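Coming up is one lone chain in structure tokens, specifically the form predicted alone.
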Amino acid sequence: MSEMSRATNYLLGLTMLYYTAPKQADRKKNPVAWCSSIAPVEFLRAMDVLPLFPENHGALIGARKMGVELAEAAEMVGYANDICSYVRVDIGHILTGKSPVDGLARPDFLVCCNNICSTVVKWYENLAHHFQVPLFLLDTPFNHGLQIPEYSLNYVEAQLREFIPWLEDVTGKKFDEQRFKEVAMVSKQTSSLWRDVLELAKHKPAPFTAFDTFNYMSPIVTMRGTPEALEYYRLLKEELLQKVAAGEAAVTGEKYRLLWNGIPVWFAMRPMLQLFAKYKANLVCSTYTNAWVLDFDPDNLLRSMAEAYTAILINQSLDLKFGNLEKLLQEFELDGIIHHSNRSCKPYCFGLYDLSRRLQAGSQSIPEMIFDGDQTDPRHFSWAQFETRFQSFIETLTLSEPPNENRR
């Protein structure tokens, strides 16, 4: 059995555990909570709560090409077509019972953090009404400047302190501060390993693609704070380091190193990977996967968590997003950027064309491609348009300076 198959098999086991354990749980010992994608799950893990993430489930629905059927089920009861497709496929799964994994276990309560968008607030309010369960909303102010203001951090930290007695009330358990610190440190270590994994794509040739990381990222989203997720990234890092040492390339003859800015088009990843490989282009990094690189200070845990969960990429100003792109361009020695103008995620796409103009006006002017699409609803994506734009983009790269020369 190869090293890669060890990590792959481990990931498959984690995925099965993630979906099945809540369905079999003793709810008094292990309550189930549905959570938005970047919520402070460390509190939940410390109290033996099993978190489930409808957005992660929505991505799986999209990848299994069930998006249209379930989105239409939600639209039939009044959900508008221009609402985020994660919302629509989640509601469709609830209404129809259809799912690639036999559905999500019913929640005992809900935890929503609006650091990713405001849509989640109404989404989770509707879920709370449907299931008749309590909802905790963590409100993280948008960061308009280069630093998060102290008053914003004070506000978020105060809510985290309120979260503890709220959890004690809905679970009937006493909060264990020492266990919480232990979980948070496991989460920190896991996040650090995840960062290490992503940074291995700085090697030339890169041993994996961003399409691979879209699969690798599942445990950092769904099982953060668990020893199992930590072990998975240890295994994954080990085997990727072996690939680096052997000079293995994810894309044979890697010529162009690209960045993906946006949420993946889950239902089109395989044909995109094949198209990119045809032109020896490798997506070596993504702003999306970097969103789960979180850091906590064990000596000032609540404050550092307030900062980490408020500083999420989507919750940042254009200046910060621009700085993040410039940093990735330099560190990964990129030749071009592909931007997903995602109909479903307005916050992620906010200022996208302004960012593009700033990049072209700056010292790191670089070829870019912007395409229209959706994360799980193929009715809002045209493969013909994407392929045509990508071919034009490749022509631009071919006519530009030799790959990476201007950034070496």
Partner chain sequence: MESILQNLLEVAASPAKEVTDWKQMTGGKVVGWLPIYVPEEIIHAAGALPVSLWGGSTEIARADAHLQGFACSVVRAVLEYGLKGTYSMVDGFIFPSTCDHIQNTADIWAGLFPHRPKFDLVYPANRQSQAARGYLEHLFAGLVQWLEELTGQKVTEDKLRGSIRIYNQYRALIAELYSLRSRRPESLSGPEMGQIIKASFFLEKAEFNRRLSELLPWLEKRKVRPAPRVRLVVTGIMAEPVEVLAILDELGGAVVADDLALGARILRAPVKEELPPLAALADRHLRLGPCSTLYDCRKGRGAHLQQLVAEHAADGVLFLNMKFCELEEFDYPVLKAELEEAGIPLLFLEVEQQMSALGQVRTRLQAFLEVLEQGVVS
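What you see is a predicted model; the values in this text were computed from it and never measured. Residue numbers count along the first chain shown, from 1.
This next part talks about the form predicted in complex with its partner chain, which is not shown.
Taking the partner from elsewhere, every residue among Ala158, Ser317 and Ser341 has a non-hydrogen atom within 4.5 angstroms of its partner chain in the model of the complex. With a 4.5 Å cutoff on heavy atoms, His129 counts as touching its partner chain in the model of the complex. Contact annotation for Ala245: none of its heavy atoms lies within 4.5 Å of its partner chain in the model of the complex.
Using a 4.5 angstroms limit between non-hydrogen atoms, Leu146 is distant from its partner chain in the model of the complex. In the model of the complex, Pro100 stays away from its partner chain, with no heavy atom inside 4.5 Å. Contact with its partner chain in the model of the complex, judged by any heavy atom within 4.5 Å, is made by just one of Leu241, Val121, Met185, Val293: Val121. With the partner removed from view, the residue among Ser304, Ser218, Thr226, Ser152 that has a non-hydrogen atom within 4.5 Å of its partner chain in the model of the complex turns out to be Ser152. Comment: 341 to 349 is the region of 56 to 64, 23 to 31, 39 to 47, 341 to 349 lying near its partner chain in the model of the complex, near meaning a non-hydrogen atom within 4.5 Å.
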